[in-house]
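Just one chain follows, in the form predicted on its own, and it is written as structure tokens.
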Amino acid sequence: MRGDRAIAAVTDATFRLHRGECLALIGESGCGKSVLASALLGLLPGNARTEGHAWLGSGEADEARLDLLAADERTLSRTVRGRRIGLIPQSPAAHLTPVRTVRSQLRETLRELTGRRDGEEAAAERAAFPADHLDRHPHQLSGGLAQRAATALALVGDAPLLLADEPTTGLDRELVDRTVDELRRQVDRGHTLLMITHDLAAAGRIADRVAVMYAGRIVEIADAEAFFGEPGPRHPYARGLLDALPERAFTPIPGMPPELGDLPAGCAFAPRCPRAADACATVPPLADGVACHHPRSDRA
């Protein structure tokens, strides 16, 4: 809600996450990616409303199925956050307690999630956080080390699903690559990762599949190899994102993304799309992995 007006921040977001894979959710800032993450963890503002379902778990005997959007705060805080979903936040330094050392925060998290009273070194090692920095406070850490500390905290509960919200923001390229590679190792060890990012290079380095969001809607879902390679994206917006990269055409998408509270009728990308036609006056459904009335073919 904005005042007394309802704003649809995310609409018709439908996707599956499979065990042991990374899905990268990409798109320009303000498209609704972080709102989606907050909805999954029950961290939306009090005046926000959700509809639909977000199922966590397979429903098998060893993995209870839970609708995250219907779960109450007690369930989310006691059985989901940290235990079934580990959050790697967008601004790790802001999520670390400034007056406590990394060791003390790991110790408390270990005690809360596992009942153990030791194991900080092993927890730090999982995220490649150096043991000789455990007794430092957050302000004494570089951006990359703060990210690894937040990752270590997220992994303590051995949550099967990791949610990384812009984990490379503010890092230089070397630290971006190192952070992404560490997250990929967690996936290769059997975790599932939903990585929310506007960093296409990072997404291409880590993802098994890619979901593209524009103006609150998912407009394309594709295998990462095909998306970043051949035949490439099928939605004009997704192709425009790649063409804007310096190592590609370095051609920006014309115009600006619409405000979520003032979306155009029909396809929200139509005012910026060189392929727009009369059919774009209606909202295209997500069909065969793409929400577009005239998706690109392998030859277009």
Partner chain sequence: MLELRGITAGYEPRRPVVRDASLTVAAGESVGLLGPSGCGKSTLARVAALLHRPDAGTVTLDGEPVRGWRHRAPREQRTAFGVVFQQPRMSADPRLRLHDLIAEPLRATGRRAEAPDRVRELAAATGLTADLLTRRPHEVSDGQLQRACLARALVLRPRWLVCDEMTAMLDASTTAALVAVVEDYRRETGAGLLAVGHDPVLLDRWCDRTVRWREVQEVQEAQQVQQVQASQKEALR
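Numbering follows the first chain given and starts at 1. Predicted model only: the values in this text are computed from it and were never measured.
From this point on, the text means the form predicted together with the partner chain, which you will not see here.
- Task: Mind telling me which stretch in 238-246, 47-55, 66-74, 34-42 gets its heavy atoms within 4.5 Å of the partner chain in the predicted bound form?
- Result: Of the options, only 238-246 has residues within 4.5 Å of the partner.
- State the residue from 200, 134, 80, 146 whose non-hydrogen atoms include one within 4.5 Å of the partner chain in the predicted bound form. None of the other options qualify; the answer is 200.
- Query: Quick one: of 172, 230, 188, 118, which gets a non-hydrogen atom within 4.5 angstroms of the partner chain in the predicted bound form?
  - Reply: Exactly one listed residue reaches within 4.5 Å, namely 172.
- Query: Even though the partner chain is not shown here, does residue 253 get within 4.5 Å of it in the predicted bound form, heavy atoms only?
  - Reply: Residue 253 belongs to the contact set for the partner chain.
- Report yes if any heavy atom of residue 60 sits within 4.5 Å of a heavy atom of the partner chain in the predicted bound form; otherwise report no. The answer is no: residue 60 has no heavy atom within 4.5 Å of the partner chain.
- Item | Residues in 263-290 with any heavy atom within 4.5 Å of the partner chain in the predicted bound form | Contacting residue: only 272.
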